[in-house]
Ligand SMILES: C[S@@+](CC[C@H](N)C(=O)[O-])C[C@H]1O[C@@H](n2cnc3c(N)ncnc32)[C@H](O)[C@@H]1O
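The data below hold one chain only, encoded as structure tokens and taken in the form predicted alone.
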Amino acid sequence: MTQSPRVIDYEGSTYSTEFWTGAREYEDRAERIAIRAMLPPKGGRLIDIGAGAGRLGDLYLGYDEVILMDYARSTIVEARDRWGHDPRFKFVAADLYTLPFVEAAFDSIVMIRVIHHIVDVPRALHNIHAVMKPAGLFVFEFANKRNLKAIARYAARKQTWSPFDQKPIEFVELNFDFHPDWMKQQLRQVGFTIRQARSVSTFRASALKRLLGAKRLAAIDGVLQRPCAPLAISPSMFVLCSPALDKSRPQEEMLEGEVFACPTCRASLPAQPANDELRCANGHRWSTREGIYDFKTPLE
């Protein structure tokens, strides 16, 4: 197994409660508008990568199977506590750089507020492309380097880096902003076709939130998401992608099979755990205790 780059870990954090309470209602509403517009309301198997505590779980209730995955086990425990009553949901602690899934496992993939923590973007996008079905859909959000605030700060000489430079900027450790053209290039290079773009959270300002309220501001945001997308000046950009069909793989192999694969050797794993673990044919063992599929550290 190839060693993963450095990662950010929200283990034990209060992000799910502190960040999304009160002041972020507008962003939450605006993001939901974008996701509802891009994601089919019904489908087969869906995964939310970086799902945290399952904030968006209610948007997936039309799917036959839903996997909520995050690097931090503690946030997946929160997701389990929220959605564990629904047998369609599975809860996975795993690393995006070594996804524990078979190829072509998913009809739909959602990844919101994750890629800005990723050092090796091409590797992450390649892994996502590999686990999508040929007709699958990928709803993807990235932090936009060329947003209005960054442009204004650069013009006023309050920041040294240019929002027009296509190179990603790490403005705080493991927090990256990306130029829209650079990110679209990365998506295309791994085999994604971009079908739609949306400019989201354009009005991310405390004064506007107080003046108009989160609900009204998000409604305005929703109306402008598609028309403003070509300008790409919002802090968050959403894109809807689909993978190119890889005709080198048999169609039935891409559409059938179990969901989990061993992160260490890529051997398939049984669908159901035994004795609170999954074991591959090569002897690698992974914990499934307390309803959490933990693929971060193999069992001894």
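Note that the structure is a prediction, hence the values are computed from the model and not measured. Start at 1 and count along the sequence shown; that's the residue number.
Another form exists, predicted in complex with the ligand; not displayed. Remarks below refer to it.
Shown alone, this chain has one stretch from 112 to 120, 196 to 204, 210 to 218, 150 to 158 that lies within 4.5 Å of the ligand in the model of the complex by heavy atoms: 112 to 120. This chain is displayed alone, yet in the model of the complex one of Ala30, Cys262, Cys241, Met69 has a heavy atom within 4.5 Å of the ligand; that residue is Met69.
Out of the listed residues Gly43, Gly50, Pro273, Pro235, Gly50 is the one that sits within 4.5 Å of the ligand in the model of the complex by at least one heavy atom. For the marked spot (Tyr15, Trp20 and Leu96), a heavy atom within 4.5 Å of the ligand in the model of the complex is present in each of the three residues. In the model of the complex, the ligand sits beyond 4.5 Å of every heavy atom of Leu299. If you take 155 to 183 and check each residue for a heavy atom within 4.5 Å of the ligand in the model of the complex, you get nothing at all.
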